[in-house]
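Given next are two forms of a protein chain, the same chain in both, each as structure tokens and marked structure 1 or structure 2.
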Structure 1
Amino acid sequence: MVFLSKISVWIIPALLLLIPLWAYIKKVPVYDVFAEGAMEGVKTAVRIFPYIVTMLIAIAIFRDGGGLVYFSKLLSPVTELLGVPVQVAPLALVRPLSGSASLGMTAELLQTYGPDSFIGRMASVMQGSTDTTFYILTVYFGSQGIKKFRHAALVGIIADCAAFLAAVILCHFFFA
């Protein structure tokens, strides 16, 4: 574990060291090229900015208006059947929608129940096994002005459901 956290600590400094150094050795005009890339990055952020705001507003209204609580209650027969602790169920709903919201929920669960409790472990696995599907769809398609997603959202939901189911089963298997 110490080894793994050492790796994650070193990854970014290592990239920051090796890529510019390698580029310099390869006689790339590093200063100008880096700045060009940075400009591209800023332009990208500006392009996806309205989509981020638009999506965040809808999610916030749904969550704070109380939609999330009802949704979880509605799903409670299903969660009991699957063996998901009811405290973790809202996470499964938020995970595809918002990275920051689900990370906040996971942090809250880990603090309340402890990271090594069954709830804490399942929350960790769920958070780690899928990504914010709708955010990625919005940002990636939004950056190219694509409005017709075809079956992309459906496939994303199917994959998320499969990953969640697998996460639940694997947690019972690994941590029973």
Structure 2
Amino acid sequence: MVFLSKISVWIIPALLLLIPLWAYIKKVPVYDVFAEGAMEGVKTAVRIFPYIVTMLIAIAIFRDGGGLVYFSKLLSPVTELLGVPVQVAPLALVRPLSGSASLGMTAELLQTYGPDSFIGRMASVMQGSTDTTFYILTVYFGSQGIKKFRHAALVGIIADCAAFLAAVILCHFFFA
């Protein structure tokens, strides 16, 4: 264990040294390739920026306009049937939309109820078991100029629902 902790300190610095060294040995123009990659990254960032801003504004309107509370109440019969605490239900709605908003909600739940509470554990498992489906669709499809992604959205929603259901089942199995 001590050996692994000592090696883990040096892994990243070693990679940062060895990869450019290997490229130099292979006669790859390291600086030029790095600068080219950085330029492509900037172009991608500029290309996806409008999609990110649009998504963040839509999420803020949904949350601040009361849509999150409305949908949480609308889904409360289902969430109660599944045994999802009412405090965690909004996380299930926000997680597919925004990683930062869902992380903020999870942090708030952990601070309020504690990380070892059932609510804290369920929020943590939900946070870790899904991805930000609509954010990913917006950014990745938007960066490539793809405007029709209905099947990808449907598959993403189904995957999110399956992950949330698995999180609920596992939390009840391990923590209830």
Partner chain sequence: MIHFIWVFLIVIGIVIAAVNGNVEVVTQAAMQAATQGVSLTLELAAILALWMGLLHLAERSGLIQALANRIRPLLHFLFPGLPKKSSAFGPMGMNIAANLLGLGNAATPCGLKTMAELQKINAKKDTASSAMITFLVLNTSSLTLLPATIIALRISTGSLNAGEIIMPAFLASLFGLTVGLLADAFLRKRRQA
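These numbers were taken from a predicted model, which means no experiment stands behind them. Reference numbering: structure 1, starting with residue 1. Take the two forms, find the largest set of C-alpha atoms that superpose within 1.5 Å, and that set is the rigid core.
Between the two chain copies, the one drawn from the form predicted alone is structure 2. For I52, a C-alpha deviation below 2 angstroms is recorded between structure 1 and structure 2 after rigid-core alignment. Residue displacement note: V28 has its CA displaced by at least 2 Å between structure 1 and structure 2 (rigid core superposed). Taking 2 Å as the criterion, L165 does not count as shifted between structure 1 and structure 2: its C-alpha moves by less than this amount when the rigid core is aligned. The two forms, fitted on their core, place the C-alpha of I19 2.9 Å apart, compared between structure 1 and structure 2.
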